[in-house]
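Below you will find one chain, with nothing else, as structure tokens; this is the form predicted on its own, and questions on how it binds or moves follow later.
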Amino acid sequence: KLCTEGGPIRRNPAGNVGRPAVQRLPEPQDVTQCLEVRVFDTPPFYSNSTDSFRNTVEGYSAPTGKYDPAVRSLHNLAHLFLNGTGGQTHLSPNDPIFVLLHTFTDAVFDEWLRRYNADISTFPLENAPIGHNRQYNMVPFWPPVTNTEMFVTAPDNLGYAYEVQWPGQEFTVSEIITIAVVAALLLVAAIFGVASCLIRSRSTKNEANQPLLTDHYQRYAEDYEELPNPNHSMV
């Protein structure tokens, strides 16, 4: 039976009534927005960094990358949603969900590296917390390995790949409006083209049905019948 020092594993999903914001799990769109944050980290390289992929995937920022002290998202939100053993920093590894959550978090990081072919120069060289500077060894892992060594995709570094069907990006309001305007213009152009073809076709048909003789034809002399010999033409 799995248990912690204080007793069996406890879970009370979405049971923290005092914090409505953590009564849900992260959604696919949250992952999509997180993967659109292009910069790995920004000063102060901490839990209050904004427009930082690292801080966003950890869950201290909104999924869009904007820092908001009231928000918990992605990795952090999943922990807090469990509201039990998995929601306590010093006990969460005892809950088997910990392995699944961190594997998926690593998959998000791997996808980010793959999409942007990230340059190690975006990794902070100094002023980050202990163990988080570029050339520092990762803590608390053993044997020692630097952050630089791990800043590569899983297939290149660890010999495995993740099979994840990443959610597609939803259209923004401005994109929807742009698409609607373009579609309307194309529809108007199509209607105008069809109408022009019909008018041209009808015009051609009317010209083909015109009589061979018109009102302007040569008349015989009006006194033709009065001639002595009507078999002779009048000159």
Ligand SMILES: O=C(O)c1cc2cc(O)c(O)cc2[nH]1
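Quick caveat: nothing in here was measured; it's all calculated off a predicted structure. From 1 onward, residues are counted along the sequence shown.
Just so it is clear, the following notes concern the form predicted in complex with the named molecule, a form of the same protein that is not shown.
- None of 71 to 79, 121 to 129, 142 to 150, 104 to 112 except one has non-hydrogen atoms within 4.5 angstroms of the named molecule in the predicted bound form; the exception is 71 to 79.
- Not displayed here, the named molecule is kept clear of Arg11 by more than 4.5 Å at the level of heavy atoms in the predicted bound form.
- Proximity of Gln88 to the named molecule in the predicted bound form: non-hydrogen atoms within 4.5 Å are present.
- When contacts are judged by a 4.5 Å heavy atom cut-off, Asn94 does not count as touching the named molecule in the predicted bound form.
- Within this chain, Phe53 is remote from the site of the named molecule in the predicted bound form, having no heavy atom within 4.5 Å.
- Contacts between stretch 8 to 32 and the named molecule, counted in the predicted bound form as any heavy atom lying within 4.5 Å, involve Arg19 alone.
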